[in-house]
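First, one chain by itself in structure tokens, the form predicted alone.
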Amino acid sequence: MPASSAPAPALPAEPPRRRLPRLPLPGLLGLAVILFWLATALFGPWLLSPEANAPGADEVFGRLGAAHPLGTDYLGRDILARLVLGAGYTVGVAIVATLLASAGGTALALLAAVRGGWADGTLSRLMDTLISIPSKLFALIMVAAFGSSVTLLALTAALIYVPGVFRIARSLAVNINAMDYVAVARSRGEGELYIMRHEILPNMLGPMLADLGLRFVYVVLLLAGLSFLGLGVQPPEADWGSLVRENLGGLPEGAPAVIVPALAIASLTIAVNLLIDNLPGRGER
């Protein structure tokens, strides 16, 4: 009889593939609007002709038409061109200010949570003092003291929202700092910087990213409000808030020059909220 062959070794089972979480439809819609405005801010000015932003001989507060798809402003300039140019200031300054506020507030919160004692008390009282000052009043003081510029606007908006980021990040960092694995890291002789970067920060990243999106909405609305009051981007440049302010004369006529920038601000802020509310895992908390 022929010798029986040995059974072939079983192949190891493949580990299940992890699928990327999918965004619901509202989240995808919000992401699409955000990417649209981001692309507009980055590439839109390069696609405009030099004459697109020049005052024209057309009717002021003109209606929608083939020559001007979104109408004209109080000087006869094309609103579509003004909206595209204003997107760079609105989106760009808001992103820079939000990143500065989140980075600064989180770093100070980590320092306060890990150091404790006088460092925690001093930073907390300083942030309480800053957060008690109304944002518009603080911005008015900064503009009156240093003049209005894009750099000052970004720094002012960042400074206004650092205390809010600090309070949220500190509450998270203090709870994580009391965990056992942080105590084990200290017993190994790890320094404060290592504990901040490798033990605490990765475990608070999710809530801080959600706060980053909300903080971006706050900064956009703050910058739009400052521009509406004449404290933001100065002529001849304009962001969306100043486009609303300078075209208020067309409001009784329902001119698109007033409505379109307001809709742009609303679409951006609503899109960010839609994306944040539909992030994977938000509904499971």
Partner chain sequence: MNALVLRLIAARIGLALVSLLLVSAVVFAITALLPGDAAEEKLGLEATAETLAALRHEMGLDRPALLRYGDWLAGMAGGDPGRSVVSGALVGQLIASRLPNSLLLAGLTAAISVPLALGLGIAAAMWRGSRFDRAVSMGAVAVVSVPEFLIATLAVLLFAVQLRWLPALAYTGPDAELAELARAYALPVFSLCCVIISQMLRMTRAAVVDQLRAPYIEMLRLKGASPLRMVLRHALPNALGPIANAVALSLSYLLGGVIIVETIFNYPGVAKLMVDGVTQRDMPLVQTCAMLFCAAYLLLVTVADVLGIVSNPKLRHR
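Positions refer to the first chain, counted from 1. Keep in mind the model is a prediction, meaning the values are calculated, not measured.
Another form exists, predicted together with its partner chain; not displayed. Remarks below refer to it.
Across the options 95-103, 77-85, 169-177, 133-141, residues that bring heavy atoms within 4.5 Å of its partner chain in the predicted complex belong to 133-141. The candidate spot formed by Phe43, Ile160 and Val219 is out of contact with its partner chain in the predicted complex: none of the three has a heavy atom within 4.5 Å. When its partner chain is considered in the predicted complex, Phe228 lines it closely, a heavy atom lying within 4.5 Å. Contact check for Leu25: no non-hydrogen atom falls within 4.5 Å of its partner chain in the predicted complex. In the predicted complex, none of the heavy atoms of Gly249 sits within 4.5 Å of a heavy atom of its partner chain.
Within this chain, Leu275 is remote from the site of its partner chain in the predicted complex, having no heavy atom within 4.5 Å.
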